[in-house]
Ligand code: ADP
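Only one chain comes next, encoded as structure tokens, the form predicted alone.
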Amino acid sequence: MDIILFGPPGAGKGTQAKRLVELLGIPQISTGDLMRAEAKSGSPLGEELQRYMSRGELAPDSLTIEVFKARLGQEDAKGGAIFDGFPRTTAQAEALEALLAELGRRVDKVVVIDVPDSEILGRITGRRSDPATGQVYHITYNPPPPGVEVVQRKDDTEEVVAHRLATYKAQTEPVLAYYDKKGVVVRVDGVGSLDEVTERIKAALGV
């Protein structure tokens, strides 16, 4: 089964993806992790990627797809994968479709974890981290122990989060429209406990 996870920053995609890995026995493929690993590998493809990354530029779609093709050819991904953070554009969605077709596969489901903007703002702007240990807390859900000095990261401010949400919506709406036409999009309520959201995703996937 090949699944794409969508959702705004702070929706819990990473956490839910890890749970699906255990449930379905297929790997999570995160664009960022995949790119960094390939760049560190020293392969010709990795060296080309590194040139873009060192300049702070996004790799072109053609190169991104090459990296995905190599990853999907590995043994653990032959039965399917969970795509996290990809595709981000309609062009990438079309390229992924062509790649999967070469492998005799297709995107089975696009799971959208819906969380209201107000909830996302609360989740992210409430994060605090301990500079000494890197431990992340939340002022409401997981407050730091007494005496622990914590700080708010620059990318967790309301202004930055609002910009990230706007970017997400601008990028994903065309991609979701592409998959909507194929009838593979399912939406789940992302508000609630981790277990509740996991159960909703399982029901949406029929597993």
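What we label the rigid core is the largest C-alpha set whose atoms superpose within 1.5 Å from one form to the other. Numbering starts at 1 and runs along the sequence shown. Source: prediction; values computed, not measured.
Another form, the form predicted in complex with this ligand, is not on view; read the next lines as being about it.
Contact check for P9, G14 and L194: all three have a heavy atom within 4.5 Å of this ligand in the predicted bound form. Interface residue remark: K69 is not counted as part of the site for this ligand in the predicted bound form, having no heavy atom within 4.5 Å. Heavy atoms of N142 reach within 4.5 Å of this ligand in the predicted bound form, making it an interface residue. In the predicted bound form, this ligand lies farther than 4.5 Å from every heavy atom of L103. Using a 4.5 angstroms threshold between heavy atoms, K109 stays clear of this ligand in the predicted bound form. Taking this ligand as positioned in the predicted bound form, the residues of 131-146 that bring a heavy atom within 4.5 Å of it are, in sequence order, V136, Y137, H138, Y141, N142. Remark: with the core as the superposition reference, the CA shift of P144 between the shown form and the other one reaches 2 Å or more. Relative to the superposed rigid core, G122 undergoes a CA displacement of at least 2 Å between the shown form and the other one. Put the two forms on the same core and the Cα of G104 is off by less than 2 Å between the shown form and the other one.
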